[in-house]
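Single chain ahead, written as structure tokens, the form predicted on its own.
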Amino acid sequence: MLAAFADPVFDSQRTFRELLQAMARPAAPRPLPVLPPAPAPVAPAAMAILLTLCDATTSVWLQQPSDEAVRHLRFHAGLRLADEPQAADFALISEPAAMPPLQRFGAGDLRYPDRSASLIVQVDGFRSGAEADRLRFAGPGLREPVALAIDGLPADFWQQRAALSARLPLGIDLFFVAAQQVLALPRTTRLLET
């Protein structure tokens, strides 16, 4: 069995602070401070998030639940696995091209919008500036619209997310990971029409 964080308390605290910053300032890639070992198909950056945010009280849906990844997560985080996306507090998407529709994940309800899923999506990379002027994001935490591209997502991903955004305060929160970086898109961040 692979190790997890070398110093579980301090490493998870440092990671948690970066995740909070990523949510407060969306659409900006941030380096994660610690990348623990991770069994395939889980990327080390995704493992850092799972080890930080998940415990015995959370359920996680794995798109590709390899035996080694399941054993690793159960041992180090004590989390429960969800059989269906709708039942998960967190979901790890390790192959975005084949991911289920976003509508299959819990979006909360009007009394408890916070009882929704957070998705951790492993992508190919991030591009900003002139290369990314097709996608522009705005919302809380952004002083002006940000141009950004996230590589490796299904062609209809942004249409699916726009449909969910129309249901605010319901929705899902997204963490994208590529290499050692994380980029957050809370449900309040909207994609501007281009």
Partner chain sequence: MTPSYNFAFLDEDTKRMLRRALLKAVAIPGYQVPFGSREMPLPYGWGTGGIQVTAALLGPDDVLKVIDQGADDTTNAVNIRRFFARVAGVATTERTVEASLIQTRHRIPETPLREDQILVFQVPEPEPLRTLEPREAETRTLHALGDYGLMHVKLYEDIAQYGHIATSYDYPVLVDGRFLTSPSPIPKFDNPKLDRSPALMLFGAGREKRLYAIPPYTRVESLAFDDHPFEIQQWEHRCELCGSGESYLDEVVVDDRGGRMFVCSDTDYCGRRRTEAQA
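Keep in mind that this is a model prediction, so the values were computed, not measured. Residue numbers count along the first chain shown, from 1.
Omitted here: the form predicted in complex with the partner chain. The next part is about that form.
Just give me the single entry in P33, P41, P169, P44 that has a non-hydrogen atom within 4.5 angstroms of the partner chain in the predicted complex.
-> Residue within 4.5 Å of the partner: P169.
Which one of T58, S165, S128, Q64 is close to the partner chain in the predicted complex, taking close to mean a heavy atom within 4.5 Å?
-> Checked against the cut-off, the match is T58.
Triplet P37, P100 and W158 all within 4.5 Å of the partner chain in the predicted complex via a heavy atom = Not a single residue of the candidate spot has a heavy atom within 4.5 Å of the partner chain in the predicted complex.
Any of the heavy atoms of L183 lying within 4.5 Å of the partner chain in the predicted complex?
-> Contact with the partner chain, no.
Mark P29 yes when one of its heavy atoms lies within 4.5 Å of a heavy atom of the partner chain in the predicted complex, and no otherwise.
-> Heavy-atom contact with the partner chain at 4.5 Å: absent for P29.
Is there a heavy atom of L142 lying 4.5 Å or less from a heavy atom of the partner chain in the predicted complex?
-> Yes, L142 is a contact residue.
Does C54 make contact with the partner chain in the predicted complex, using a 4.5 Å heavy atom cut-off?
-> C54 belongs to the contact set for the partner chain.
Counting only heavy atoms, which residues in 97-112 are within 4.5 Å of the partner chain in the predicted complex?
-> Contacting residues: L110, R111, Y112.
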